[in-house]
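Only one chain comes next, encoded as structure tokens, the form predicted on its own.
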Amino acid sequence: MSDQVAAAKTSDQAASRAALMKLLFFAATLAILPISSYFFTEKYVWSGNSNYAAITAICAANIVLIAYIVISVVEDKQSFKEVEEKKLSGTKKEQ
């Protein structure tokens, strides 16, 4: 029984670490990508038009946010499937 508890704690810590790393990655991306896209597109794409560059930065920020939401939902569905599979395998072992 204690081996199962230790394994569960280890997997919980690994999941927490993975979630933290994902959050830090998206936070850094959300901080860097819109600002860099603003200045890059203002200088090289839109030839000094700051309105279009601002729209580009807003789109970049929204893309990062949407990507974070999609990845979170997909991971949540995967973890839900894993829990259901464990429940099913547990009930089969009991029978």
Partner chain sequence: MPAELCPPYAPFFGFAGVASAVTVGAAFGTAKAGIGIAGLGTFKPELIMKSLVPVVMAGIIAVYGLVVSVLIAGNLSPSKGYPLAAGFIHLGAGISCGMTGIAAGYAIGLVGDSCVRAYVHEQRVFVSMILILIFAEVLGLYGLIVALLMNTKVTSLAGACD
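Positions refer to the first chain, counted from 1. All figures in this text were calculated on a predicted structure; none of them were measured in a lab.
The next section is about a form of this same protein that is not shown, the form predicted together with its partner chain.
In the predicted complex, no heavy atom of V45 sits within 4.5 Å of its partner chain. In the predicted complex, at least one heavy atom of I69 sits within 4.5 Å of its partner chain. Contact between A28 and its partner chain in the predicted complex is not found at the 4.5 Å heavy atom cutoff. The closest heavy atom approach of F40 to its partner chain in the predicted complex falls outside 4.5 Å. Contacts between stretch 52-84 and its partner chain, counted in the predicted complex as any heavy atom lying within 4.5 Å, involve A54, I55, A57, I58, A61, N62, L65, Y68, I69, S72, V73, E75, D76, listed in sequence order.
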